[in-house]
Structure formats: structure tokens, C-alpha cells
Ligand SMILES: Nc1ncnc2c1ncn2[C@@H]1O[C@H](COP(=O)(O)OP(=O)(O)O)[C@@H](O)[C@H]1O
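This document starts with one chain, in the form predicted alone, laid out as C-alpha cells.
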Amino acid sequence: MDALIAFSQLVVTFVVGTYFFVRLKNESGTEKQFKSEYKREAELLNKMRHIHLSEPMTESVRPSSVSEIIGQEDGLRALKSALWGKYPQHVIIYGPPGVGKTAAARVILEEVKKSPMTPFSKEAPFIEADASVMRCDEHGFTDPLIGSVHDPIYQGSGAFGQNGIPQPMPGAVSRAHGGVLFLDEIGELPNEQLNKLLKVLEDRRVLLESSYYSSSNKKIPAYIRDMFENGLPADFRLIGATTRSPETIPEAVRSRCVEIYFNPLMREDILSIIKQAQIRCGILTDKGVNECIADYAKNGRDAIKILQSATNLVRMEGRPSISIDDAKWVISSSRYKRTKELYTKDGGKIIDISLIKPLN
């Protein structure tokens, strides 16, 4: 009987030992495979980080100071006054594409930081977001604008998931804390997110919810407990930009913001933008080229794109400067149409030059 018991124990020991040996071997093999995969992916990422293309001309000539923003003197003054001083305000900027709304918001913040009365610190962030792509899923698991909570059931087997800890994920409003959130095309924001944004503007924080959060759960770190009980800080100033008309923007948003209007660029403005880009990038053009480009560019962005394409063309063919024929070829190949509403100044009065008949 004792021999049978001893034999049984030996068999059980062998089976258990074999099980743990095989498991340890498999884990060792998995760990080696993981390390190999990690090394390969790390090398690929490092290789990608060392590949750089030249910056597009539209980025190279982006205004870096107020003086470089052309044709928006009144709008710039209004924007600066809205953010200046002890009590900066939320703002909506209306205006057509390519007239400098984003650049103006960025450089004005830098100007405002110099005010001795401003609540913006020198490190105040400028967070840029596009409302047309700021979508949250229907369950609220992800929300790049407002922020969300990753619940344990969706986190997998990480440290938080294993311990049943919900993990807050800050959105753009929290990253803009203490600075400016520039929300491009604010009129494209879905109503659900718009309502959440308005609540954040009022509370100046993001309140979090999760069925997995319990104040009695001792495993929850103190900083996560603080986030749930006090919310995520989101004290910022909103600058919304839109190409829509004011009537299409919800009144709840407009009532909280100073409304500022940027004008369509006049022909002289587009010519100035082209000349500014030439100087910055060292581009030579023949007589009449700038005027030709200005005839077909609806805004500064169009003008720079035409200029860049023509520059690439002449450099590809080894020529020193852009000719009229080069500009016309780019305009024709890209199917630009002559601008119907070109404006100019006449003794301070803005007139539509498309109404002026050419001389015979």
C-alpha cells in the first residue's frame, strides 16, 4: 500500500514537473520571440525617424509674426484685444480658406504672452485640432477632443486591466490647459461633442465617469482617484475658426465667444504674399509672373501652391527663373480658373476689378 502511494506521488510529481517545465520552456520561447520582434520594430522605427523630406513651401512661408500676416489688419487687432489683458475671451473667427486664421491665432498668442497682465504663462500651449476629424465612437470609449476612460474590460491584460482600474485618457481640451485650443472648422463638430465642449467651457474641467471606478478600491492610484473625484483640468481659451456663415453656428457657441471676421484677400494682398514667399525661398520670377498667379489664386494658399509648382518646374529643367509661360502652364495643368472676385483698393474703397472692362 505504501509502495502504491509512493508510486502515485512520483507520477503526480512527474506530471506536474513536466507541465511546469513545458510551460517554462514555452514562456522562454515566447519571451525570445517577443524580444526579437521588439528589436525588429524598434530598428524600423529608428530608421523611419532618420528619414526626412523637405518642408513644403506652404509650411516654410507660414507667418511667424503679426507683421507677416497680410490683409487682416482689423481682424488681427480684434483678435489681439479679445485675448489681451487680465480677462481673455473665447473667440470665433469667420473667414474664407487660406486667409491666415490659424497663423493669426498662433502668433497673437505669442504677442499676448508679453502682456504684464495676461494670465497666459510663457509656456502656455497652443493646441491645434480639426473639428471635422474629432469624432468619438458611439460608446464613448475614445474621444480625442474631450477625453475618455479606458475601462478594464477594454484595456486587455495590462497592469491597470488586471487590477480592475479604469484609466483616464486626456483629450485636446486638457492638453490645452492654461493656453489656447484652436479648433479649426468648429462648425463641423457633431452636436454631442459640441454640448460636451460647452460644458467644459463652463466648468473648466472634464468630469469623468466609469462603472468600474469605486472610491473604496484601494488598488486605484491616488492620481487616478484625483482625476475621477476632481476632474481633469481644462481651463483654456477657445479660438474656433470656420469658413461657414455665422447663421450656421449654434447660438449656444456664438453667445460664449467674441466674433471676429477675416476678409477675403484683395489682389494686392495676394501679390504681397507671393513676393514675401519669393524673398524667403530665393525664387526668381520674370516680369508679370506674380500678376498672372494673382489672377488665378483665390487665396494665399493657392498662390503659394502655384508658385511652388512653377519653381519645381524650372528647377527640374535647369532654368534660373519662372517665366509667364511656366506660370500659365501650371495654372492650366492644375485647371485653376480665373478668379471672379478680385478686389483692389481705390482711395481706401474696395472695388471688384472683375467689373472693370479692359481697354480697347
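The first residue of the sequence shown is number 1, and the count goes up from there. Not measured: the values here are computed from a predicted model.
Beyond the structure shown, there is the form predicted in complex with the ligand, which is absent from this document and is the topic of what follows.
Visitor: Counting only non-hydrogen atoms and a 4.5 Å threshold, tell me whether Pro63, Ala103 and Ile273 all contact the ligand in the model of the complex.
Guide: All of them do, each having a heavy atom within 4.5 Å of the partner.
Visitor: Can you work out which of Pro250, Gly85, Pro96, Pro233 has a heavy atom no more than 4.5 Å from the ligand in the model of the complex?
Guide: Result of the distance check: Pro96.
Visitor: Just give me the single entry in Ser334, Ser321, Ser36, Thr58 that has a non-hydrogen atom within 4.5 angstroms of the ligand in the model of the complex.
Guide: That would be Thr58.
Visitor: Can you pick the stretch from 69 to 77, 142 to 150, 205 to 213, 284 to 292 whose heavy atoms fall within 4.5 Å of the ligand in the model of the complex?
Guide: Single hit among the candidates: 69 to 77.
Visitor: Given that the partner is absent here, does Leu265 sit within 4.5 Å of the ligand in the model of the complex, heavy atoms only?
Guide: Leu265: contacts the ligand in the model of the complex.
Visitor: Hey, in the model of the complex, is Arg301 touching the ligand, heavy atoms inside 4.5 Å?
Guide: Yes, contact at 4.5 Å.
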